[in-house]
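Coming up, as structure tokens: structure 1 and structure 2, two forms of one and the same protein chain.
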Structure 1
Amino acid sequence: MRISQLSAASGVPIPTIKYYLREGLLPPGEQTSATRAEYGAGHIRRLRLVRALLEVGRLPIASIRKVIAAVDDENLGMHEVLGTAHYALAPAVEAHDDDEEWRRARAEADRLITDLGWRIDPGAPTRDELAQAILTLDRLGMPATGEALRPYAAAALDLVVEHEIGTIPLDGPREAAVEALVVGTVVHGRVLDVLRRLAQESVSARFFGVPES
């Protein structure tokens, strides 16, 4: 298909497609003449992935380029590819290794991960993200020990094992798997947060509200 047809099929404007081509986020089409190239189904899949990373994941171009490179690297297994996308989605957290409170929070985060038996890379940004949350709770006078966080960990693990991991298509293009991971992590994460707040309102009404007549 020509670039105009690719635009129509993907819903991505032609100028945006050309921008992705210039940035290396989309592989070039098959050149059929000096001014014309042909594109295929693989380009549509790649555009879906780029849009998911950009519009859903809110990732900068540099981070998207890293994820794309991982998808294209056949030497990487699926765990490494999905991990690259996961780490790209993690918010930036500045570690303060010279701060005793930070070191204590990070140690608590690492201890919880070890006690749970979870296989997490030592350099995973989520370790610092968890440490930051623990530190914030400590500073608010609501200390978060590993035991206090275990119910949240158990709920998260159950959700991932029983539902989320099964929504990632592993028998097709790697782009589809990463797209499902990004959408599931970001959008379903928001859904989980909303449902939790709805549940809090419902339970509050049951325990503290005016009884229904």
Structure 2
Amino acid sequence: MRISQLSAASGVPIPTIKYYLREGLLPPGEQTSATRAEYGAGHIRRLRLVRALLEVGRLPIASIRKVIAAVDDENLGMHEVLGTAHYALAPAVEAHDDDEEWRRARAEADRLITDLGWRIDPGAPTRDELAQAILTLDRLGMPATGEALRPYAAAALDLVVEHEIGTIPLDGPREAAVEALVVGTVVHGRVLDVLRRLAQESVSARFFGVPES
């Protein structure tokens, strides 16, 4: 398969494919001569993975590169690859350790995690993300204690355990499992977010009294 066919098959324009090759998001095709390279089904799969992380997960290219490197590293186990994806998904929340308010929010986040009995890396950036959300709720005078967030934690845990773990093909090759894990993380996150907003709209329509059509 040449680059033009890869482009046609994936829907990604040739210049963009070239760009992904340069950026290391896509492995080079197999060189058959100085001006010809052969691409395969693996490249189509890889492009799908990249587009899913980009369009659904909204990850920046640099993060996608890291995730892909982890996916391709045969030495890494499932947990390590998932960790890489989580790091990529929790960006740009730089902690303000000098700020008193921030430290309180971060302590609240850590306390919630401890109370739930969850096993979370002490250095996980997700902790900072949670702290940021708690701080924001707090500043706007909305309930943001561990108690108030428990229903969210319970629902999240339930969905992960009951639904998401089961969709990972653990009996197949490592690559398939790892890809499903990474994409599942990203896409299920969006599914839940979208459905929550839809639920909100529906409830709002009834609650705030828009007449039934």
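Rigid core here is just the name for the largest C-alpha set that superposes within 1.5 Å across the two forms. Keep in mind that this is a model prediction, so the values were computed, not measured. For numbering, take structure 1's sequence and count from 1.
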Which block is the form predicted in complex with the DNA? Structure 2
(Q) Given a superposition on the rigid core, I'd like a yes or no on whether residue 70 shifts its C-alpha by 2 Å or more between structure 1 and structure 2. (A) no
With both forms fit on the core, has residue 187 moved 2 Å or more by CA between structure 1 and structure 2? yes
**Message:** Superposed on the rigid core, does the Cα of residue 157 end up 2 angstroms or more away between structure 1 and structure 2?
**Reply:** no
Rigid core fixed, the Cα of residue 169 shifts between structure 1 and structure 2, in Å, by 3.2
With the core held fixed, residue 197 moves its Cα between structure 1 and structure 2 by a number of Å equal to 5.1
